[in-house]
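Encoded as structure tokens, the following chain is the form predicted on its own, with no partner shown.
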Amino acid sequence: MIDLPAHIQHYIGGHSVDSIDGSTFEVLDPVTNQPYLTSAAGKSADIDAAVSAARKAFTEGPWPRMLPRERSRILHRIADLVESRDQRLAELESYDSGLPITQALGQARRAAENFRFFADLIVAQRDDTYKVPGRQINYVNRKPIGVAGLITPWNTPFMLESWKLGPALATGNTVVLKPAEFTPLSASLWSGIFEEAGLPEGVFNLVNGLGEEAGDALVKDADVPLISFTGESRTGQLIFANAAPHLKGLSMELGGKSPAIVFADADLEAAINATIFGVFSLNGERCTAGSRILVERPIYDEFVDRYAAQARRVVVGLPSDPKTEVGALVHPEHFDKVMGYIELGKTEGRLVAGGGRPDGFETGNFVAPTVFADVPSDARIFTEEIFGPVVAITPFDTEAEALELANGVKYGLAAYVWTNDLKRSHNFAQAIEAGMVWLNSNNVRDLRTPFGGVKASGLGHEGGYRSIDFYTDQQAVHINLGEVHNPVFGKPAETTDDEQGS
């Protein structure tokens, strides 16, 4: 049995506290859909308290004034603690979100790596300097901005929290984290980890609650100059509107409906393995899922047959079972949404695998890996984000048609191209409207590269130096080295000898 708390609280100014008005909400187990804990439900007053604590830690505390090396040491200690607790983190994450335990463990270890990466980056960081020999030096001075508002999703919560916490803290900001209300459990571990690592009081604050209450208040708070958000595109639009009056800095990684394009000359087995993993790992609840597979006509029938057969062999099971490859979707609301798309898909495409609950799972949020073939480009299952273990396969005849299909949706987060033609792979990749493209590869992340999308998939990029850019103000400093050459306004008129003697 997993040792679970019965109640979790906010963490504000170094203390665990309940909501000021006593509000709570229930959190459900995805396997049974029964409540297993209550969480404090933050409102505007709780956000105000958290922002005040973070603001005080920024203006009066040591964190923004530490040398990068000193902050780096604390971030490395955080990474050590996360690694030492990876099994516990994975258990809680798997139980809370329905992720298979082996995948949850990988996400916990990735969280530690995120902190290590930014701990090293701030020490290695260099800023630009420009010289005009003998006359001027111009250099860039980076400064932390203040209180960073971090709003995170429920699909891989602990890892995605670390993706924002790492650079925000590394650059000297203080933070208020608002985790997703479906999955608050693993976030409750951050406070103990940060305390043990030596993070000063008030630097990290956490408020649980609903997006329309706690999240909305955080976005609208005038003392929070920047917001980093990962979630749905519709929510991103609301955040954009609510942040506009305050001219906040925004980084928003939003939805996706990413294409995987498979040409006839591709390594077919590798492409099938990668595209199976790309849409069914993390229960299909991933923003970069290659959920539209475009296949060149000469190999289309073979691809569909082999893909469907392999999808039927994907192991659906309890999240706690190490053999499980697809677990339970996070919440009954989301389960109903995904099942609604599956029923719609039966009218829009040819069902070749899955299509409902897997055998033996009559309760809970379990969905069989589902594959639709012959899906037209105007189908809703082709154009709309489902965020579950559901894939649409569509044939194409020419590169031009493939590109039109790939770019023919409102999203532009990721894309995957499978071909052994080197010239085509580069040219095609660069023509795709996507923030990230993988050639002959599944979703392998390099933390130095920018992460983000175009069109409805996002605003701004994080990752590597782009994260440093987002979480800091860049101040240009100009120093004169030589004789001052100023235009002189209001210069006194020159006088003649006669004028002086008169």
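These figures come from a predicted structure and were not determined experimentally. Residue numbers here begin at 1 and follow the sequence given.
Another form, the form predicted together with a small molecule, is not on view; read the next lines as being about it.
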Region of this chain that lies against the small molecule in the predicted complex, out of 207-215, 422-430, 309-317, 123-131 [heavy atom, 4.5 Å]: 207-215
Close approach of Gly388 to the small molecule in the predicted complex, 4.5 Å, heavy atom: no
Non-hydrogen atom contact Lys178 with the small molecule in the predicted complex at 4.5 angstroms: yes
Any non-hydrogen atom of Thr324 within 4.5 angstroms of the small molecule in the predicted complex: no
Contact of Phe451 with the small molecule in the predicted complex (heavy atom, 4.5 Å): yes
The single option of Pro167, Pro259, Gly256, Gly278 touching the small molecule in the predicted complex, heavy atom within 4.5 Å: Gly256
In the predicted complex, the residue from Phe118, Phe229, Phe366, Phe372 that sits within 4.5 Å of the small molecule by heavy atoms: Phe229
Three-residue site Leu81, Leu185 and Trp190 fully in contact with the small molecule in the predicted complex at 4.5 Å by heavy atom: no
